[in-house]
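We begin with a single chain expressed as structure tokens, specifically the form predicted alone.
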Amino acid sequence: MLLPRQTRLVLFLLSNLFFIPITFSLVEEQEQFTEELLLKPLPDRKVLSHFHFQSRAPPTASYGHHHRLFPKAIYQLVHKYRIREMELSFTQGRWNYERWGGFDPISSNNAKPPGVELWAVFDVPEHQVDAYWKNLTHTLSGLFCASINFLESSTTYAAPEWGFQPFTGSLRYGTLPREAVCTENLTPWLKLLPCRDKAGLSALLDRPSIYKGFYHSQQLHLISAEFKSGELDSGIILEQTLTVVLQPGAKRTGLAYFQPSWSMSSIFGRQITGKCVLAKSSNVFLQIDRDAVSELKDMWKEMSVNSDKMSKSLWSNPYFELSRAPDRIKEASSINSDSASILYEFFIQKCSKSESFDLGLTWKSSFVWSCPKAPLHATRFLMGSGNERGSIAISLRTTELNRRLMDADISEETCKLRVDIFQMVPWYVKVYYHTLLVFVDEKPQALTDVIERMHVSPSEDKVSPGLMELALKLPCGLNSAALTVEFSKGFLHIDEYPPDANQGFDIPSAVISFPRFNTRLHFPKDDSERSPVLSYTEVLLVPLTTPDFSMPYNVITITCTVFALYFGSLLNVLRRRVGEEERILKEKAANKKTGWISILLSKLFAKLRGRPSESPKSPASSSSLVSLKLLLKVVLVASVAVGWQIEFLELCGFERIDGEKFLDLPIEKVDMAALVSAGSEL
């Protein structure tokens, strides 16, 4: 059926006006954006907030190069550098595996080492990977306002084989442990969202509330299937996550400490006023750990709670109460555990400015539980003293859940626990891999008995860092294990030292993974993706021998002083006018010789005019021999004497004698009192 001409014209104008081609309306529905928020109370009176945003772009072959929801900068990044998978994280603080857990998807996927961590897999020939990596670091540095471009140097990144990710040859890994994280990194991250921080769950991200937390990690994970040939092209998937551990206000009653009651408005300072209109789904989840759930179920058995009241008891019970009823309740079971945690799901599609969403949790009684931990708790530290040699030690201690996680039907003699260790050290820490020792329950072991696989890449001075990948097979019933390896400290050029060289130099965190264990959560009728259990160790601080940085300063100051004296004297000699100085010196000497005559004349003329003579000024009161006024008077008297000569003396009483050749002053005209006074003054 053909539409009338006027109707077709209106549709054409509307499509051009809003830039929405009508013929491709079905294809645009494949581009999706979802947002989720997970809230989880922690045993140490803190709250975990995990934001998850996912943007999905359909394949370029069927959709084209233009997108409505997917960020253009990320799409261009993928195609320019042919990225198959990439992960970038900015972290402030360190994840507490003992208190916050280490056997769940958040601790395994979103607990990152301090600073910046970047790894990427490229779909290019192996000899071109380094060039693409360097260009990628510069692009990300400008995109996220960070110092990621420092990872372009070959001394800051490595090429893992299998210890970190199962990509051989095309994987590059780098980290900057000392990189500071601030709002300059969060703002570009938020600009990648369709609604930014103006609507939806991202509106809760108040900067002061986020950065005052104990732990903060923002992450960008990218998966692309654009360059896979012969496989199903799923397009590009961008996952943006923000994990924050916050401390709500505490409540104290007597000697017993309750878990602090909190709400979204109290920990974020804001409420949800609606979902992002471009989001396909927008949900909020509240998770209660399985240890707490086990205690609740024991309480229900004692109270004989029937199935009708059990659903309400899940969110309103003698231990805690939610501020609003959940829209759905799920029991999520872990792969290696019989118990299950509870997820309360809340839909925020109906929220608005007039009816905002604010979820709160109120604790009614003291409640103690623990988060699930990894099979082994890993720590790393330094041994030795001095600025020449030392040792790196990795300690693995069994946890309370280790035996419960093992298969019950396997004997301890045949049961082996697989542990993978990935460690990268800078080139100035020269590791001697032949000194590797392994201890199990404080007893030394032969390397062939405990090491199943090993890959070592020694460091090269100022070229590449050292890399060690180990696959250990440890007995399941162990209590502790330890690895030690010796190293010597290198020397840096003075230009290679940072401004705070005396603070020490960082060794990046080591990665400990357990391939046999996964942290996938099983939901009814939901097949979620598995994620391996892994953890990061501490960042080590190694003090190196540092030169005396004050010596160059002293040398520079002394040299500049010598040059200043030399060139000053040289210029003084070259520019001095000797003849002019001699004339000035002669005039000064003449003035000194005739100085007493001018004084005598001045007193004489003062006596003749009947004025009191001024006493000469002391050398301390005057810096010059003759003041300016006296010089003027002398000049005036001298000029009059030159002009009038004999006439002036005749006026003073002198008479001509002997043919007018001489002037004589008769004795009767001489005032003897005046002469005596003048003589006494002289």
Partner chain sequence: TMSDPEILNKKNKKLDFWIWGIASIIFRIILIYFPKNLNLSSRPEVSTPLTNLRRLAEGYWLKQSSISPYAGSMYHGSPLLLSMLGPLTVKKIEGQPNNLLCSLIFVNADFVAALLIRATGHYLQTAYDRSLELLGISTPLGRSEALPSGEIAALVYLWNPLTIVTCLGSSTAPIENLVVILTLCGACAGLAPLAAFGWVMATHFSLYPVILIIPVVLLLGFGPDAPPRKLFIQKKFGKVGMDLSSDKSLKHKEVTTLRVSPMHFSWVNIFHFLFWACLWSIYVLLLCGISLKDYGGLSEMFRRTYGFILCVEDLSPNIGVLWYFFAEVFEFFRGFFLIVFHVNILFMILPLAIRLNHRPCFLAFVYVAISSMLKSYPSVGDAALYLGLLGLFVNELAGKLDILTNAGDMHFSFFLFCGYVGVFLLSPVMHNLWIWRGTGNANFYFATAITYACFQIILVVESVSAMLNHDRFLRKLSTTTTTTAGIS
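Please read all numbers here as calculations on a predicted model, not as lab measurements. Rigid core (definition): largest C-alpha set, two forms, superposition within 1.5 Å. Positions refer to the first chain, counted from 1.
What follows is about the form predicted in complex with its partner chain, which we do not show.
Contact annotation: its partner chain lies within 4.5 Å of heavy atoms from the stretch 458 to 466 in the predicted bound form, the single such stretch among 149 to 157, 458 to 466, 104 to 112, 128 to 136. Proximity to its partner chain in the predicted bound form, taken as a non-hydrogen atom within 4.5 angstroms, holds for one residue of 494, 180, 600, 584, which is 494. Checked against its partner chain in the predicted bound form, the residues 347, 553, 162, 227 give one hit for a heavy atom within 4.5 Å, which is 553. In the predicted bound form, its partner chain sits within 4.5 Å of a heavy atom belonging to residue 486.
Its partner chain in the predicted bound form comes within 4.5 Å of a heavy atom belonging to residue 570. The closest heavy atom approach of residue 355 to its partner chain in the predicted bound form falls outside 4.5 Å. Interface residue remark: residue 516 is not counted as part of the site for its partner chain in the predicted bound form, having no heavy atom within 4.5 Å. Although its partner chain is not shown here, in the predicted bound form the stretch 496 to 514 places no heavy atom of any residue within 4.5 Å of it. Core-aligned CA deviation for residue 556 between the shown form and the other one: 2 Å or greater.
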